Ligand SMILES: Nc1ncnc2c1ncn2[C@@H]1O[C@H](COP(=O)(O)OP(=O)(O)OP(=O)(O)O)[C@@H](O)[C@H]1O
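Shown here is one chain on its own, the form predicted on its own, set out as structure tokens.
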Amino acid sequence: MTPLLKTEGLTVTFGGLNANDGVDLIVEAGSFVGLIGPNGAGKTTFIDAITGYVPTSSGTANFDGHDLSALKPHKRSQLGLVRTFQSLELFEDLSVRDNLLVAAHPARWYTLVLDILHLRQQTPEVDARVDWALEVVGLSEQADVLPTDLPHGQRKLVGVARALAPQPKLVLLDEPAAGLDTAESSALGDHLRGLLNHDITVFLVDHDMGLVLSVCDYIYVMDFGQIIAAGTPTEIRTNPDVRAAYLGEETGEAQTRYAEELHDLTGSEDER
């Protein structure tokens, strides 16, 4: 079976520096895949490259049987490849629901004309998508609130919901748990796992190690733009290269501390 997303040798260069250096990565349809790594490892650059926001220097990227190299960001989105951003790219003067409507309604060649004439473009299908996305992230009661009136954690959730509103095939989540406390992060993880039941594949980038290890089926680890490890959460927890990347040292004491911290965050595998 052809992977939903596959990159081979994907390289992104800025001023002679390879922010992504020969990245080989596969995301199977129906899976929950994570990408972790230290600050500056190149994780967001990878998402930018896949979604067309930065050009690639070499390598290939294919999504759902389509070569992405020549496609603009909006064309990739129309294929079902959608992302969130670390920064809050929300329309502050629109309600939460209207923020989602912007993303849920497919743009057509005549959309501008309808906007100029102030003609309603909503349909029951679009409304249902918005209601579903709000329910997934637990924001149904805040649908008519302006984003500026929400706490930071819920503002982050609006960004996640907006990405979900078109019901994409693959959603790329860039630090969705930033600004969330432990309880909110755990609840978000439960909601995100539920996306698999709606035929939405998930690719998660986050610094919340507990979140990533508890919800992902398979995890890639990036450091200095390269994939240094890949495997199940159990394999990643015990990988010495991952320990070194996060701690910057390889002593037995540091490795022990790393394992203890991850165990405290995730609990035993039997509990997962």
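What you see is a predicted model; the values in this text were computed from it and never measured. The first residue of the sequence shown is number 1, and the count goes up from there.
The next section is about a form of this same protein that is not shown, the form predicted together with the named molecule.
Candidate stretches 40-48, 24-32, 235-243, 57-65, one within 4.5 Å of the named molecule in the predicted complex by heavy atom: Going through the listed ranges, the match is 40-48.
Can you tell me if residue 10 lies within 4.5 angstroms of the named molecule in the predicted complex, counting non-hydrogen atoms only? Taking the distances in the predicted complex, the answer for residue 10 is no, it never comes within 4.5 Å of the named molecule.
Taking the named molecule as it sits in the predicted complex, is residue 140 near enough to touch it, meaning that at least one heavy atom pair lies within 4.5 angstroms? Judged by the heavy-atom cut-off of 4.5 Å, residue 140 is well away from the named molecule in the predicted complex.
Though only this chain appears here, would residue 184 touch the named molecule in the predicted complex if you measure heavy atom gaps against 4.5 Å? Answer no; every heavy atom of residue 184 is more than 4.5 Å from the named molecule in the predicted complex.
Going by a heavy atom distance of 4.5 Å, is residue 78 a contact of the named molecule in the predicted complex? Flag for residue 78 set to no.
In the predicted complex, does each of 17, 86 and 175 have a heavy atom within 4.5 Å of the named molecule? All three within 4.5 Å in the predicted complex.
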